[in-house]
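In structure tokens, the next block holds one chain alone, the form predicted on its own.
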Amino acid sequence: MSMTIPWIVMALYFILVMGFGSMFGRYTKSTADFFFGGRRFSWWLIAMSILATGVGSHSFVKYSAKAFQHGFSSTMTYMNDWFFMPFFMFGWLPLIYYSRVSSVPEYFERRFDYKARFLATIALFFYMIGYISIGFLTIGKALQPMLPDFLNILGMNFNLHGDAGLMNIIIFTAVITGIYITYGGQTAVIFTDLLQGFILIFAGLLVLFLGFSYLGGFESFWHHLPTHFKLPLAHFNQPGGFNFVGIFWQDGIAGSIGFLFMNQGLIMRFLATRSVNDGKKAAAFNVLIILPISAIVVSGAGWIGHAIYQGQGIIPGIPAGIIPMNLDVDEIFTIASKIVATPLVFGFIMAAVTAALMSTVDTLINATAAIFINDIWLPAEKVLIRRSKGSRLQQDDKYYLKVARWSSIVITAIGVVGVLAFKNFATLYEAHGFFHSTLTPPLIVAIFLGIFWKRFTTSAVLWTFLGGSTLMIVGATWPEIFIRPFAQGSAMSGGKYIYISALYNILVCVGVGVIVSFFTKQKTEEELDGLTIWSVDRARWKFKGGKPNDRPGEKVKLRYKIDDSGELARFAVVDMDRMGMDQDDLVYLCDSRAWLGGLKSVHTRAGKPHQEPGVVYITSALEETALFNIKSIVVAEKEM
């Protein structure tokens, strides 16, 4: 009976999460809602959603394994994102938000040309599919130690050990994940992740404190950790499987830039915020508050597991062999949690973590569907229309929403197949490290140079993709010749430079891009207007359609009335003065209930003023878009 309790808890939790996500699916009425949630949400809601996405991916399984093997240095990988956060907050975020791009490849077409967009689409599509596959593999690794016991209780004798069993688990979870992402889209994902963000932090800390109790207190825990486990950083270049210099280049550079600048799932989160300022707040909160807490949360089970391993047979009440010597370290999170928790609590912990893992996968599926629609389907449709001399008309938005949902199903299936490329690595950490080191360099170099260097040319970006990738393949084929000079004394692991190859790959891509740029023609200032960090103010002008209004103002609570005589929101003169707003300024109308996080809101423009203080006149179309009802009290705020 004790083994059935965790599964009952997990089943109830998944029903709750799916119901919670599906409830918000009714707010998805267009592709803008499906992919970007209507660009309406408050910073705190997005910050918690980022937590469930970033931490929930591979983190609990992956970092618990490294914490079990190496101790507190497992946290150093979570301490790297601050390094590039200012470049994101004040460079990439305002550029993509103000330019109204829907995807990274779309930015490449505006900054360079359609050929660059084509190459970026291919690179990003493989990157996202790889991330989805690693997410599914992580879910399978987390559940595999539990499922055989559960099936035995039910009288079933399916063999879920080994690779075949792992794939069966992954297929099952893929079906569940696909249900609410296909129906709900970005709004469902954001609100589901809000719920799970709070719960997974609680679950991770719960494992840590239950572990202290199981071991007899913090002093016993500390005593049974080796001295080198208590150091915050790994050794500089040893061992080959986990060292400071390799992790810095792989996680701190390739991983952080990749996650911040090219992960379409994360970018869509920030594009779902109500404004650039809210996006900056979410980013700052994430790096200053969430990441340090997350570093402890995802590693705690590994630390506890190692202390139990060292103390088994020595500490009273902890029998020898409770953690076997031939342990698969990717299973330590599940095993340690099962040891320290009651069946009921264990079920809750595994439900929260598995659901959090699915949160990352659902985000990535939604993001990859956005890439498919915006960068494959729509461009292909335009070509067909042009070749048929305009005889085919573009479909309405409901048609594209249907295509987006069907593409989510197909992408889920491709992600499951992609697991086969990663399942033979020694640990998930190695799999993810190799993935980052080999797939991200061309795209992150192209993005970074495109944003911050006006001299970076269209020819250079094409050569960065093609020439840089060629040199990367050469380095991977003969690593002892090409990568070893960059290895800074670190050794191979499993016949590969899993982490330090990121340094070689980045340098060859940067080298190709810089050299070609100096021998080819750059675009004019007019062509680059609003597309680099040096003209971000112009991007803001274009976003508004005129000079931004930065005059200070305040938020104003108003009642709304319907007036379908125009298309804009109309405010009283006195209310516009309080908001510091002029006619034609951008304005944000939001339900006064702040805890909704902007779910019921809309962006619009201020129309011709009227003389009725405390009232805003809006059209019925705006009312429907904002999800207001006639009893709503709205808060109006000037945007620019």
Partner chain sequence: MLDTAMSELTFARVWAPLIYLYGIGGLFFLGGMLLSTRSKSLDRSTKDGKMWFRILLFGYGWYLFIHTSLTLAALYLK
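Everything numeric in this text was worked out from a predicted model, so none of it was measured. Numbering follows the first chain given and starts at 1.
From this point on, the text means the form predicted in complex with the partner chain, which you will not see here.
- In summary, among the residues I533, L466, L420, I562, the only one with a non-hydrogen atom within 4.5 Å of the partner chain in the predicted bound form is I533.
- Think of it this way: in the predicted bound form, the partner chain has a heavy atom of just one of L206, V510, V287, L471 within 4.5 Å, and the residue is V287.
- Only one of 365-373, 553-561, 81-89, 474-482 lies within 4.5 Å of the partner chain in the predicted bound form by heavy atoms, and it is 81-89.
- None of the heavy atoms of V104 is located within 4.5 Å of the partner chain in the predicted bound form.
- Shown alone here, W249 lies within 4.5 Å of the partner chain in the predicted bound form, counting heavy atoms only.
- At the 4.5 Å threshold, heavy atoms of I253 reach the partner chain in the predicted bound form.
- In the predicted bound form, Q69 approaches the partner chain with a heavy atom inside 4.5 Å.
- Contacts to the partner chain in the predicted bound form (heavy atom within 4.5 Å) from stretch 216-252: W222, T227, H228, K230, L231, P232, L233, A234, H235, F236, Q238, P239, F244, V245, F248, W249.
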